[in-house]
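Next up: just one chain, as structure tokens, the form predicted alone.
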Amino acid sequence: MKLKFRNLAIAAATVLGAAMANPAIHAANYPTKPITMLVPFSAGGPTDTVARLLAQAMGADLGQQVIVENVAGAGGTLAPERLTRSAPDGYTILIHHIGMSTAPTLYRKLRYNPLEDFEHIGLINEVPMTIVARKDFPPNTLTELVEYVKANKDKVTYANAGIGAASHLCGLLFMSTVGVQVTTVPYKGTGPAMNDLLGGQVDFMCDQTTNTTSQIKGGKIKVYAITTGNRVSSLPDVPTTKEAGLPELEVSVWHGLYAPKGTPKEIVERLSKSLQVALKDPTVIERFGDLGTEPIAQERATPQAHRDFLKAEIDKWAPIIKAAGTYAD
């Protein structure tokens, strides 16, 4: 009898071992436990907010809890680095923003390749940016701003939230587009930069609608343009950069989902389908609207569309960052 039970135990262990070694079996049953979503920034920020909305909606679709874990530091590079060391089983994923496309050029010692070291699940959203200035800044249109900056390049100051921040990247693109370098004033975050813009200590900046809309509506700052192809519903009277005469200046803060390299295709596809379901969720759509953004089109919430877009963004930002000579360790 003992021998019989021993043989059964060995057989069961053999079957279990084979199942564990077979990614297809894992994929068929996925998910069977909670999933961890890494966020490369502190709790309470825009990326964290998007992550928590997404985690709740995807968790409902997947039938398992999606736990948000903040892994902040090193300009958002710690979380992707950790993902490269995670098991490729679909139980650890990453949400990241535009920083995935600029990190390869910004950081000399980056320990991962955004294109080659991850599986790309899909894009999530794009947050428009606004070109704004202190209330009493002389230019009143984007064309006038360009002319004024060219004529006063040694006097004009541009505020940003630090190296690698969206406001920093937008400023680099602006200066590259108009062919003029102005004095940049880096801050430790958008809040301090906006405070000095409101106080008139700096002249202009470029930042997300999530951070500028209330100030624009309150008449506390000037606004020149939205940096995306379409106007936004929260600021319907503000023209796009294309409408305002600077079509080359197009930039947004986008988010995407990633899995470790080698994650089975079936699991990546399941996560992508869950992402697409989440982006249709009424609560997600409503809360995104409150943040001045909206879900990405369904056809872009796919692995291939995500990878193609990421490559295009890397190619777009690399020469701009190199020309500016801006690097981080």
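Quick note: we count residues from 1 along the sequence shown, nothing fancier. Fair warning: this is a prediction, and the values are worked out from it, not measured in the lab. Note that the rigid core is defined as the largest set of C-alphas that superpose within 1.5 Å between two forms.
One more form of this protein should be noted, the form predicted together with a small molecule, which is absent from this view; the next part is about it.
Shown without its partner, this chain lists 93, 202, 131, 165 as candidates; in the predicted complex, only 165 has a non-hydrogen atom within 4.5 angstroms of the small molecule. Of the listed positions (191, 138, 245, 229), a single one reaches within 4.5 angstroms of the small molecule by any non-hydrogen atom in the predicted complex, namely 191. Here the marked residues 41, 47 and 161 all reach the small molecule in the predicted complex, each with a heavy atom within 4.5 angstroms.
Taking the partner from elsewhere, residue 208 is found to have a heavy atom lying within 4.5 Å of the small molecule in the predicted complex. Although the partner is absent from this view, residue 120 stays clear of the small molecule in the predicted complex, with no non-hydrogen atom inside 4.5 angstroms. Partner contact region in the predicted complex: 166 to 174, out of 100 to 108, 166 to 174, 219 to 227, 84 to 92, criterion any non-hydrogen atom within 4.5 Å of the small molecule. Relative to the superposed core, residue 110 shifts its CA atom by less than 2 Å between this form and the one not shown.
Positional change of residue 171 between this form and the one not shown reaches 2 Å or more at the C-alpha, relative to the superposed core. The distance between the CA atoms of residue 158 and residue 320 is at least 3 Å longer in the predicted complex than in the form shown here.
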